[in-house]
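The chain below stands alone, shown as structure tokens; this is the form predicted alone.
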């Protein structure tokens, strides 16, 4: 029941939204909310896996920007438009995006797991490095006029529903079942609860932790190519500040910052709540910076409630 604790809050937001605007509960508006939340959803899955494993990755938002930017730079053949002049295909561009995400996730894993560097500082440094690389590739330009095949995941529809929603829904279902029933999923919980005890029990802690970081990099790059398709371009600030919303959705969804606790379905309710809340505040013509303030307040309230319900820090 703790995983569904946000459902009553979501219902309240739906009721309030119906009074704020008559178009709030219209199918097109709700579909738009889900599509805009799809990239955030995938990042939340990635961060949730890492948090449950007892680690953290701040660089996910920068992967959302740098991977599509590098691919778009390779795709655009006109150097006057910020391209490289190579001119690869859109399909090859998607492969580059996903491959770069896996590469960055692997580097993070090696630094954190093999070199035993602090994951917070390491991924923060990676975030800054990748953000600077995103700006440096094209001197801060926005890359556009990209092929339809590269934009497909953010523009196409299946059965009248955007592909990005199908992808996010499938990944939530897969991740939820994987974490609950697969032995590796249960091992991730064990590692997050007590890594040393998990190692004594025969669980390959380092290998699984590395796999979680690599999966996080892959999912972040997938979110990046979906976002690029939705806005039909790659902007130099792409992905910036998304990590704050990722933590907001994860924390209020019940994912523990101490590791070893939380369910993917809870993280899903966190994403839904944030998406609906942002839509209600936007329809109410609330300024964007107040929306950011609301997210910060939500995180603080969620942490206080978690503390009052008796969750204690876990030893690693």
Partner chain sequence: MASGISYAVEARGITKSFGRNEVLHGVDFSIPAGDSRALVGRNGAGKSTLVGIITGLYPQSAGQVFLGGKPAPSTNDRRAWRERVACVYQRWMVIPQLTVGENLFLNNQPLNRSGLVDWRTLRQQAADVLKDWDLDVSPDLEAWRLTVEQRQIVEIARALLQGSRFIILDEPTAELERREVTRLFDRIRALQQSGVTFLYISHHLEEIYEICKSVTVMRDGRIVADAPLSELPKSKLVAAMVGEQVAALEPKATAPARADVLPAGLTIRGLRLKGVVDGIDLDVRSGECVGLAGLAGSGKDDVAEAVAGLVQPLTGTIEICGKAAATGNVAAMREMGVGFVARDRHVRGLFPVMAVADNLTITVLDRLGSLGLVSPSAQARMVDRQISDIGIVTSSPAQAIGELSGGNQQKTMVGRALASDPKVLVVCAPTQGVDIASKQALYKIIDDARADGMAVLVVSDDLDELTICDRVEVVFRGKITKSFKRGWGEHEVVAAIEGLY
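Predicted, not measured: the structure shown is a model, and the values here were computed from it. Numbering follows the first chain given and starts at 1.
Keep in mind the form predicted together with its partner chain is missing from the figure; the text below concerns it.
Only one segment in the set 255-263, 285-293, 26-34, 57-65 has any non-hydrogen atom within 4.5 angstroms of its partner chain in the predicted bound form, and it is 255-263.
Under a 4.5 angstroms non-hydrogen atom cutoff, its partner chain in the predicted bound form has residue 194 among its neighbouring residues. At least one heavy atom of residue 200 is located within 4.5 Å of its partner chain in the predicted bound form.
Looking at residue 166, you'd find every heavy atom of it more than 4.5 angstroms from its partner chain in the predicted bound form.
Residue contact check for residue 127: none of its heavy atoms lie within 4.5 Å of its partner chain in the predicted bound form. For the options 111, 98, 190, 146, the residue carrying a heavy atom within 4.5 angstroms of its partner chain in the predicted bound form is 190. Looking at 172-186, the residues that come within 4.5 Å of its partner chain in the predicted bound form, counting any heavy atom, are 181, 182, 183, 186.
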